[in-house]
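The chain below stands alone and is given in structure tokens; this is the form predicted alone.
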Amino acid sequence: MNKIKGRIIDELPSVLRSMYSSAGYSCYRTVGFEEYDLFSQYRDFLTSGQMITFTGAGGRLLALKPDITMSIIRDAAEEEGRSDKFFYSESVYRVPAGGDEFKEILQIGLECIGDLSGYDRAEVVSLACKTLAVTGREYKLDLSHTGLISGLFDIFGIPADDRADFADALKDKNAPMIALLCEKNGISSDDSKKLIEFSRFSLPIRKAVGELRSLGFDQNERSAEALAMLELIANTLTDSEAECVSLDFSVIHGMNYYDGTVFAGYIDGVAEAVLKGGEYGKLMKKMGRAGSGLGFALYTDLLERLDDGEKNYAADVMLVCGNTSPEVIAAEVKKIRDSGKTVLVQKGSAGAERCARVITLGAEE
């Protein structure tokens, strides 16, 4: 595939469905709304805490779904040694980051929930790479781990009360804010400079693991565990996937809910992340569920911003039929379709610009 707009976007759900099914993921289907209480107590897990609510026929307060993950967590089984794997192509309703109004957003993604193995975790990261690759664009997956962030804060003696502010500054690669926070907490200028360097740290995953070990991250319990998991993931990826995955300390999702690998995916032509995911064991615990969960979502609305340099035609051929008999039209349509092209049939030629070519029956092309 060498383009993303038009038919490629239309084909994405079926292409990804086949990919996810081959990895043992089952299709998860749901209605477009849930009880408001399912989401209200976990607002800070959501991209936007705002929801569209309405009163159901039975008087219950309902909400148009702002998220799919929580519904899947609720419905997944709990059994030692079992992991439930689901994929979905569903709409969510929320205010996008930086937006000022609700939008219906199509998400295509997957969730792996339960008693997770190292392979389960590596497989999800690999599937995220494969999902980005399906767009036909060059891609990169920036990846981090909450254990690395916690270890970094331990190593530099960041007080618990200020860790959220430091995390925000790391996420934004905000060097002046990191320097101010270090000054406030009596952290030396040398260590302040090192923290700023870590906010800019970005290396291919296999090289990054070795580099962080050489910097002493394997001497801290939390960061050592994180490095071991990242090394497992790096060694499980194919060589081509590993080349597109970088370890980046600025990839930070909500640390109140995420407690493992977190990542964000980018493709050439879109400035912001088109795919986001991570491990949300803390959310599982807050929802009273055992085990952990790991997944991601691809935001197809962002893909529509791409300009592939080609006009997005409704069909390859417009067949102008006039008063030609249906039998002759059908034969001509079959001929065009058999040649591998799509065809739009109409009586006159109005709106011919919608198609790449026009063929008029009974006249020269």
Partner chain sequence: MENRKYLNVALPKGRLGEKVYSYFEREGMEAEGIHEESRKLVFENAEGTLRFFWVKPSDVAIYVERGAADIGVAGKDILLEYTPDVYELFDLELGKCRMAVAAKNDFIDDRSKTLRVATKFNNIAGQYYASLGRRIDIIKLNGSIELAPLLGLSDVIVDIVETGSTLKANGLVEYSKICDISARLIANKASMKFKGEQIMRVCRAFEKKD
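Note that the structure is predicted; figures quoted are calculated from it, not measured. Positions refer to the first chain, counted from 1.
What comes next is about the form predicted together with the partner chain, which does not appear here.
- Only one segment in the set 131 to 139, 150 to 158, 108 to 116, 84 to 92 has residues whose heavy atoms sit within 4.5 Å of the partner chain in the predicted bound form; it is 131 to 139.
- If you check the partner chain in the predicted bound form, you find a heavy atom from every one of Asn174, Glu197 and Gly269 within 4.5 Å.
- Proximity of Glu241 to the partner chain in the predicted bound form falls outside the 4.5 Å heavy atom cutoff.
- In the predicted bound form, no heavy atom of Thr146 sits within 4.5 Å of the partner chain.
- At the 4.5 Å threshold, heavy atoms of Asp248 reach the partner chain in the predicted bound form.
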